[in-house]
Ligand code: HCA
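Consider the single chain below, provided in structure tokens and representing the form predicted on its own.
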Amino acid sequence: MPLDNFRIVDTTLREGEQFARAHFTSEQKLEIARELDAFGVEYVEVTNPAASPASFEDARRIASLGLRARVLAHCRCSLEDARRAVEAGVQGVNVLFGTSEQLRRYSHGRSIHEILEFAREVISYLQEQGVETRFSCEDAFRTPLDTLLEVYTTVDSMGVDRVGIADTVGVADPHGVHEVVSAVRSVVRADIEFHGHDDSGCAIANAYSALRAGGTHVDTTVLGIGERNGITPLGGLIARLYATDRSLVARYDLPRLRRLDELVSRITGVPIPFNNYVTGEMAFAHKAGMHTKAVLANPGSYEALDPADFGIERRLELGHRLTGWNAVAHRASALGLRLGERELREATREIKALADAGPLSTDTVDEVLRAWAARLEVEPRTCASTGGVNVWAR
């Protein structure tokens, strides 16, 4: 299936609020909503307005911001919750019901027939109010496929705008997601939203597979925060789509990913992982000599993503025993030092020997290079552009 018709439903202000270390103040919620809107997500989902007085007021304030993104409320499939969401002024309501045997037995105790009766009442009300409506099967991947299709075809016939397929406990794999979404796509005319948890490490791959199978909407959160291990991270989904075809994400303000990750990291107190998609400290760091040589000649040789598109500079690590003379030459040029290949190779050998005892600082590497330049009694000169590459030593 083509991938150019997807939409992002960012649920940092709903799923993300269920993260164990999250407690967003009202002002923090407004700040996150504005940043998500500036980035370009198509939907911002907020906590059930019926959850608490503050939740209602926060939903009302976010809905009145005048965002380009549509504001959705996430609710239980109950008339009371739906009415409260409409009163908050949101543009869409996402209702859900657990359909797996586990949730029907141990959570709400309703039969599939009863679930569909609740759905009919709530969907009818929301349609009367003129708001966008989604019905989601919670724990869809532990629900028998024939049961899922019965529910989805029934709510589709009721005229919902979207059906939701939720991997609530993170048990799905990309192959299974493709099978289920394809089956649902074959029987409904509504859009399809995928919500995937990361308990088994497949959230990004599963989201991508859902889009490949005909899904139209993917739920994300900033840094992937959410219940337990969280869900598909916004940055991870963007990276996966960019690696497929950068035009797929051209409509988003990609440099804002770092601002979003830093904002949510600061609010929650959770550091951005060193290997985080796009914004991690080491996302564009190159160390081995073979890698740095190729990256200096053509960054695409070892990079699937261009850091410049995200407002980030790549790093070439220097002060270690694996360094190569091409990276050392690049650093010498950045310092305005004119050294021949022989001197550069000798300087590289010296740096490697020193680094056997431990990583070297940038200053130490620079001292070695300046010492070699001094031996040649060559005055440093200002060099041309360094090509947008930062060369680092530890």
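Given the structure is predicted, the values throughout are model-derived calculations rather than measurements. In this text, residue numbers run from 1 along the sequence as written.
Another form exists, predicted together with the named molecule; not displayed. Remarks below refer to it.
Within this chain, Thr143 is remote from the site of the named molecule in the model of the complex, having no heavy atom within 4.5 Å. Using a 4.5 angstroms threshold between heavy atoms, Glu15 counts as touching the named molecule in the model of the complex. For Ser136, a non-hydrogen atom is located within 4.5 Å of the named molecule in the model of the complex, even though that partner is not displayed. Using a 4.5 angstroms threshold between heavy atoms, Thr168 counts as touching the named molecule in the model of the complex.
The contact residue chosen from Leu148, Leu296, Val181, Leu96 relative to the named molecule in the model of the complex is Leu96, the criterion being a non-hydrogen atom within 4.5 angstroms. Of the residues Glu303, Asp173, Asp156, Glu227, just one reaches the named molecule in the model of the complex with a heavy atom at 4.5 Å or closer; this is Glu227. Remark: of stretches 104-112, 253-261, 193-201, 306-314, the one touching the named molecule in the model of the complex is 193-201 (heavy atom within 4.5 Å).
Counting a residue when any of its non-hydrogen atoms is within 4.5 Å of the named molecule in the model of the complex, the one hit in 45-74 is His74.
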